[in-house]
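Just the one chain here, laid out as structure tokens, in the form predicted on its own.
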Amino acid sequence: MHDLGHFMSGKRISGKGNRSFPIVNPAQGEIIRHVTCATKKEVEDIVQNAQNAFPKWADTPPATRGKILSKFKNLLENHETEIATLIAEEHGKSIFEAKGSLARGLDVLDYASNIAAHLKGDHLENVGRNIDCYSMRQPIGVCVGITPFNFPAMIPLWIGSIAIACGNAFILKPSERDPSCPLRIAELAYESGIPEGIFNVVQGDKEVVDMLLAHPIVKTISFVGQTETARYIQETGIHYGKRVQAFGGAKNHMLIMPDTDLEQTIDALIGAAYGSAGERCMAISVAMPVGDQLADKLVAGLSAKIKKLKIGPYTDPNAEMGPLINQAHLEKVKNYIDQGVKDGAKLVVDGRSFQHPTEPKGYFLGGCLFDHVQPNMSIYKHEIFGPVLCIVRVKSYEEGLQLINSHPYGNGVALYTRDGDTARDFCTRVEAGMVGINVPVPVPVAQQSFGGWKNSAFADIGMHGMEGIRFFTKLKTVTERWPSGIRKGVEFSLLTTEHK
């Protein structure tokens, strides 16, 4: 067992703080290492180191930066199993899920490696007599990413890839629950040719976050996590003059029409609700079948498949769902289930008693399915962040749409139907940032941008894609005029001199 520290100047450094956090293997319920929280001086050193490295990196041609990022992507691909194992060991995902999450991060890194094409500006000739006008996007400075425990590779790559590609220096503050993967990624970034001080990792909790928020050198803050914290990050960051994007929680709905392909819908729901043990902000946690006949068939089909889910540690190659992140979160999810029963929802599949035969100390929870959930119940109103799916029966498309639009969260949403007119109306009127039509988890591809609405996002600019590039750059517009008479005179003088 050893302590993890920070990453600065191209190498790992031991933490000097007197506060540390245990890192637990959630499949075993045992402490496997510790991570040391940064001191104020360590934060200052890392920020200053990033600031010192920034000018040279910003001056590096975008095409050169892109080539280095391409090497970084190749290195990550070559170390796929190693990184996936670190994710699985500290988070609990299956190896299959861990590799999948890394792949989504690599998609954004691939997009970022083509940064030269994305940074092209606009040019307008002769806006006035002999006057041209053009725009350019330039790097902004030292950028900070504060990322959650559930995707320790994907989200740091979503944020860091674009920040670094645009010419900025990047400081990652990962979750203290699973920090090994981010440290390894930083090492590979340096190995690929990203200079010292451009990719840094600092460990810590709210104290370290507050230091970064208040630091005058830090220019941007990107956050993904709980809604309450996202709101705090936005308000505090703006107070200190930062550019902020803060993404919070979710309660994602799937509205299911009577004309849907039911078997396809059930399979989609199993993956969307129970993948990653429900610990993802894009999980479908509410299914809304239209009509009781469809609802009865949906519940029956889901129940059979949920009971057959293979639950186990990441070391089990057949595991479809792993444990929750820690004991406290396991108890929190169980409390929501208890409250749902108390409020009158019907618990059709109860996973609370599940215990893994060889890992009895692991934080495992079987898949749970509630039927007849009402909008006033806590299991409907709040983000549970676990393997719990709620069935809310609605009588019509309009009733379902209005329920979705009245919910305080607006991250992702899905509609399952075979009718194009219904789908088009849904896309136009639904109040959510990411919409899937017969796609259960509508996370945008790298070329597009990620971002929710309402209490799911406290940001005007989305993550990755062109939105991400706008966030990590400053727009500069140049208006220039060169008097034509002077120019012609100079050229004639030079020409005649050269030919004498």
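These numbers come from a predicted model, not from an experiment. When you see a residue number, it is the position in the sequence shown, counting from 1.
Omitted here: the form predicted in complex with a small molecule. The next part is about that form.
Across the options 377-385, 133-141, 296-304, 335-343, residues that bring heavy atoms within 4.5 Å of the small molecule in the model of the complex belong to 377-385. Taking Glu187, Asp371, Glu176, Glu359 one by one, only a single residue has any non-hydrogen atom within 4.5 Å of the small molecule in the model of the complex, and it is Glu176. When you look in the model of the complex, the only residue of Pro323, Pro289, Gly248, Gly237 with a non-hydrogen atom within 4.5 Å of the small molecule is Gly248. Although the partner is absent here, Met463 sits close enough that one of its heavy atoms falls within 4.5 Å of the small molecule in the model of the complex. Although the partner is absent here, Ser101 lies well away from the small molecule in the model of the complex, with no heavy atom inside 4.5 Å. Although the partner is absent here, Tyr397 sits far enough away that none of its heavy atoms falls within 4.5 Å of the small molecule in the model of the complex. Contact annotation for Phe149: at least one heavy atom lies within 4.5 Å of the small molecule in the model of the complex.
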